[in-house]
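First comes one chain, alone, set out as structure tokens in the form predicted on its own.
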Amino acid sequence: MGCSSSSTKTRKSETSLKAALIIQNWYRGYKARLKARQHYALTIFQSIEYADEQGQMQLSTFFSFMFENYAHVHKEELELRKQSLESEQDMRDRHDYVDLIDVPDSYNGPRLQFPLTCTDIDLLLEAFKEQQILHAHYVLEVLFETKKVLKQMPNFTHVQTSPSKELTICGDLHGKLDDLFMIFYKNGLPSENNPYVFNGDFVDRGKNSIEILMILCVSFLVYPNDLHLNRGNHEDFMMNLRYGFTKEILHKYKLHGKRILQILEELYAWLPIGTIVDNEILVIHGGISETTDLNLLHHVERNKMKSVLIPPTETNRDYDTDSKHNKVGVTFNAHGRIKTNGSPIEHLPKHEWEQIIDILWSDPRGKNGCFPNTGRGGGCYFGPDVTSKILNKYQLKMLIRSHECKPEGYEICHDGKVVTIFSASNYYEEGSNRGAYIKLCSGTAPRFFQYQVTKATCFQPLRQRVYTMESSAIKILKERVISRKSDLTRAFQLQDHRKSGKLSLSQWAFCMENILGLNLPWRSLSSNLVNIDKNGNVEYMSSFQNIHIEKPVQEAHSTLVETLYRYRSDLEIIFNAIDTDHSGLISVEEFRAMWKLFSAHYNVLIDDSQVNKLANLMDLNKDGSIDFNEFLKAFYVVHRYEDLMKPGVTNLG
């Protein structure tokens, strides 16, 4: 009996163990599939983000083209936004910006006392936690004071650490105020004994960029030797036009927003471009290239780098000996040099401009060498050999950079010599990524601290969080697809020799990548984008099902609608450049002339008569003006049957 009972128990234990192993293996597989789906969603977000940045960088070549051809546009009404051309000497003095703006007794927000103290930091933090808005008078005063101190600083700040004084390095925050609150909660406020480096990209994308900028600037003014600000690629007024900070300022400060934006343009240009820690760690926003020259970068006149979208203009084209003017004093002289109100615009030499572009925009890759950053359109991809070469050349041990969202908030590569730190959690979508910061102390390895600002997602299982990410990723990908419907349809039909309406999965994937250029795993994504028959063939016109671009006027041709939708962000920036009085209106003639330049530069094959007809239709009250913001907002994507996408249906894995 005893032996029989023991044998039965043994068999039960073995069965239980096998069952546990089966469940464990299933769960591991299930979690791996969820992680794969999460990875695919992040890949979509990142590919589209970088494609947008590439479009933004391409605008710089358009502006160069526009500057070169501007004098030959027959409509002299065309004007460039004064902000983009104005030299620092033309800025109004502080009196016009600060002293003439009164703070009324009815204002119940924070009141800053200059010179600032740590009390003002606390006051600001508490006010922003209560969603209060800092009065424009204080915003402008903080910006003026910050610029005054920044102008005294070198291009690279040198910082020393010690066991009693560790240095905290934070990456991109992108207007996500809750992440900054989280960092201060976990790590303490800036002080003489708790120094920080904020490594660029404080603004854009998030809804609280001005609050973050104010906290950082006030902290910098209180502790100028212990809080360090590096410039990122989004500390650029032209980037702000596309990515949200400009709209945030004009929304929160309707009366004085334009003044704030003008001062910001100057402040950005004076931000240091890097930090060197303990003479062995280089901290810059983007990265390096094989030609990075730190000796040169220490001495460039960084304040001349107004925007990546205003590159140096070097042209030998001779115009008429008489200068050509437009009506606001933008001058093209005999050598094609642009002048404003009689003062020449100062640019960095081209090779210095390129050096700064590289350190603001570059990304590391595992492959050796240095090659163009085709994803972003600016800077380069640099490999481990380039990292070793540059670090060895300048007796450095490590490069710390930001600029890229990482799922865990940080990433180490190039044999431990390159660290990416990203501090904006939930960057693409709730639950998409953690944020992180680094603590450095001389003689010890960097320590990483992760966090994630959680709201509803803290109670959601991984499956639900992944579904939320997938749904959002697929939605923005479909918007990119529908904006190229005509081009994709032509590509599909060229491959469809039998005129069957179907292609093989490989043919469909080839067409998608060839037209969209997003470098995505189209085969894996196909089940979420198209209908596939039982033989594995793709019904290619289903790529556009349940989604369309709303036409502002029904007479508009589909190709024109797609083109205007696709380039709407670029056109908004260009039209803002024309709109010197910030009225939101441009003349029909200005619209036609600028479109002519735009279509020529971008090789947009649309008959001008279509654009002329559409412009006339959009001039609703026939006064010769177009509200271009409303005009561009009229082109939007409509998603139908979104409620049919359930967690069990969407599966990027």
Partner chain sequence: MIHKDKERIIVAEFHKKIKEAFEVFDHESNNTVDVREIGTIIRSLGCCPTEGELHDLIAEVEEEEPTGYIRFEKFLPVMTEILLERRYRPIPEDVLLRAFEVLDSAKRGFLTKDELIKYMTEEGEPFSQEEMEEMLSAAIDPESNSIHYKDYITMMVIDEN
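Numbering follows the first chain given and starts at 1. Predicted model only: the values in this text are computed from it and were never measured.
The form predicted together with the partner chain is left out here; the points below concern that form.
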Answer among 462-470, 266-274, 127-135, 177-185 for heavy atoms within 4.5 Å of the partner chain in the model of the complex: the stretch 462-470
Heavy atom within 4.5 Å of the partner chain in the model of the complex, from candidates 291, 524, 558, 531, belongs to 524
Does residue 442 make contact with the partner chain in the model of the complex, using a 4.5 Å heavy atom cut-off? no
(message) Within 4.5 Å, heavy atoms only: does residue 10 come near the partner chain in the model of the complex?
(response) no
Since only the chain is shown here, I'm wondering whether residue 413 would be in contact with the partner chain in the model of the complex (any heavy atom pair within 4.5 Å).
yes
So in the model of the complex, does residue 36 come within 4.5 Å of the partner chain, heavy atom to heavy atom? yes
Decide if the three candidate residues 28, 43 and 520 all line the partner chain in the model of the complex, where lining means a heavy atom within 4.5 Å.
yes
Checked 229-258 against the partner chain in the model of the complex; residues with a heavy atom within 4.5 Å, sequence order, are none
